[in-house]
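One chain comes next, on its own, written as structure tokens: the form predicted alone.
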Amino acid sequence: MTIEKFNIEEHPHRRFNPLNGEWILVSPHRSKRPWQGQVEKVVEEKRPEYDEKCYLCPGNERIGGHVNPKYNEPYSFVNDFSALLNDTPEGAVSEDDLFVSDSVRGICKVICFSPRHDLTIPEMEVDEIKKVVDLWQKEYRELGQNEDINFVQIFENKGSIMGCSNPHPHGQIWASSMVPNEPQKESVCQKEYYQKHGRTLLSNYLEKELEKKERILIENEHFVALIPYWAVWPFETMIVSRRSLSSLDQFSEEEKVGLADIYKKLTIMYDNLFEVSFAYSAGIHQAPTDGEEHPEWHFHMHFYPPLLRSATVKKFMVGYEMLASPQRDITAEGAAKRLRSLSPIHYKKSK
């Protein structure tokens, strides 16, 4: 009897995510299945630079009745329909360890990336994106100084497939009195690693990834974009700072330019994959703002895109993935190889 040797590129296996302590099932053999679905391209609507009906465009009235200033740089405001409120009264429920709840305070804000309605991050200039990073830094500092705020979650939902109801380029900030589930998992894992090794988890991880080169997508002086070894989504990526920075608060001017540069290049790569304005949810994970020192935290930005095979075919989290464990067919290495093969010039400019 011949005993076949295990091959990580061919055989089912699971990969460990040291950032959150969870596992993912990888089934590379399934990616060889013939695809019989549709792969047509999407005809994208051409948007105007200014839309008089858009509640995020400069000078327009928002749904809540407030009027936007005629801004010409990134602009933030308190969400008219916030999920969190800063005047929520203190309260809690606890019955038999089965019915438990706590009141939560917070502030939700919207950040308009540009006054132009027709742009997205990959179509903006680096200096324009740098102004978005400037505003992120300002908001993180100011919101974090609020004694009721213990975590500032900055994120962007791009595309209707990700629930984005307005195509005007924008992101959000939900700052809360509690540390939410995902960053809380990362807090625990990063602290345990730091206490054991004396370095941040992502410092050591990035060092090893740069040696291997298998999953690296883009590098600049201050940041690296890569597909994590433990990625769940088909083309999931992560931007990691080279320097062990715990938050935006520690960024130099050069590092803010570096983040803007790699943010643009990565999203151009995404758009070029299926020649469509690529949908994703992206968000920054950084140190809590609870007044404590967090040397274990290492700044990084997650990108979770749903598209799988074309501009119209997405990956669904269903069945086994909802009931048991996340699963993917295309390996992180295969996805990285495909993204690296793309032109660095945005597809709209190369036609």
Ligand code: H2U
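The first residue of the shown sequence is 1; numbering continues from there. Note that this is a predicted model, so its numbers are computed, not measured.
Another form exists, predicted in complex with 5,6-dihydrouridine-5'-monophosphate (H2U); not displayed. Remarks below refer to it.
Colleague: Against 5,6-dihydrouridine-5'-monophosphate (H2U) in the predicted complex, would Ile63 count as a contact residue? Criterion: heavy atoms within 4.5 Å.
Modeller: Within the cut-off, so yes.
Colleague: Applying a 4.5 Å heavy atom distance criterion, does His170 contact 5,6-dihydrouridine-5'-monophosphate (H2U) in the predicted complex?
Modeller: Heavy-atom contact with 5,6-dihydrouridine-5'-monophosphate (H2U) at 4.5 Å: present for His170.
Colleague: Quick one: is Phe99 in contact with 5,6-dihydrouridine-5'-monophosphate (H2U) in the predicted complex, heavy atoms, 4.5 Å cut-off?
Modeller: Result no; Phe99 lies far from 5,6-dihydrouridine-5'-monophosphate (H2U) in the predicted complex.
Colleague: Answer yes if any heavy atom of Asp80 is within 4.5 Å of a heavy atom of 5,6-dihydrouridine-5'-monophosphate (H2U) in the predicted complex; otherwise answer no.
Modeller: Asp80: yes, in contact with 5,6-dihydrouridine-5'-monophosphate (H2U) in the predicted complex.
Colleague: Work out which of the listed stretches, 236 to 244, 158 to 166, 250 to 258, 181 to 189, brings a heavy atom within 4.5 angstroms of 5,6-dihydrouridine-5'-monophosphate (H2U) in the predicted complex.
Modeller: The contacting stretch is 158 to 166.
Colleague: Heavy atom within 4.5 Å of 5,6-dihydrouridine-5'-monophosphate (H2U) in the predicted complex: which of Val133, Val232, Leu143, Val110?
Modeller: Checking each option against 5,6-dihydrouridine-5'-monophosphate (H2U) in the predicted complex, the one that comes within 4.5 Å is Val110.
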